[in-house]
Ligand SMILES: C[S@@+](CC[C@H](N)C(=O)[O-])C[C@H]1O[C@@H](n2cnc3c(N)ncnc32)[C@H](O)[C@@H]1O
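Okay, so here's just one chain, in structure tokens, the form predicted on its own.
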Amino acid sequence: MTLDQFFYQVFESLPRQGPGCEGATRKVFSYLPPLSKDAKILDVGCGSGTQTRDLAALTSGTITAVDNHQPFLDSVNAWVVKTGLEGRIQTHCASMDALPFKPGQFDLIWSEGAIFIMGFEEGLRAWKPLMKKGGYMVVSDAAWFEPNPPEELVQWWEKEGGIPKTEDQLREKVRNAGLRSIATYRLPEAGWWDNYYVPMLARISDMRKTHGSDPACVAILDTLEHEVEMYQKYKRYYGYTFFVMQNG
């Protein structure tokens, strides 16, 4: 088993592959005007599809759920068959930076906690052409909540691959991408802790029992555990912010 396979194995059994909660999804969705009954929705970086299921309950249109890891999509497909929603939800295994869809196809593009993989503005620019004129996009990404974050936190984020921007800086990137900002909403703490970190810590404990003799695997588990420690220590300074946007 490669380290990439091990990393995915940690997350495959989790209810979410990133911070989020049903309440936040519903709250952010409420900022949108009513969608048409046949609206076409794209869920980018859907993971095992927790927010896909929420969107299915909130809308009556069709949803295309995209991820680059087929086992996540297999989980979505199993739920779709179980609930009889084959006519409304389809999955597609693809990279978010090479989405194989026609321009102007979607009424709503939704992505929770995944756009960081491409970069905030880069993702907005790449996905905007897929939106209909007047269509909507909702994404969540890490942002600073307080000025002057501690140096330890800044250095940790830098090692993680990128230092967050402030919400105002991200709003500027929304404008730079040619989109109109409608609303923002900060993910509540429960979206980090109850729905993500608590299950993750339990999974880490289990994986230590089965892979504790492999230093490379242990290093991955240590890194994930350290992420939880950083959030506990510095959660006042950062979190996820949802951005609700329109393609003018």
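For clarity, every value in this text was computed on a predicted model and none was experimentally measured. Heads up: residue numbers just count along the shown sequence, starting at 1.
Keep in mind that the form predicted in complex with the ligand is missing from the display, and what follows is about it.
Contact with the ligand in the model of the complex, defined as any heavy atom within 4.5 Å, is confined among 131-139, 90-98, 147-155, 166-174 to 90-98.
At the 4.5 Å threshold, heavy atoms of Gly113 reach the ligand in the model of the complex.
Residue contact check for Ile63: none of its heavy atoms lie within 4.5 Å of the ligand in the model of the complex.
At a distance threshold of 4.5 angstroms between non-hydrogen atoms, Cys46 is in contact with the ligand in the model of the complex. By the criterion of a heavy atom within 4.5 Å, Phe6 is excluded from the residues contacting the ligand in the model of the complex. With respect to the ligand in the model of the complex, the three residues Tyr185, Lys235 and Thr241 uniformly fall beyond 4.5 angstroms at the level of their nearest heavy atom. Checking His69, Lys40, Arg208, Lys27 against the ligand in the model of the complex, a heavy atom within 4.5 Å turns up for just one residue: His69.
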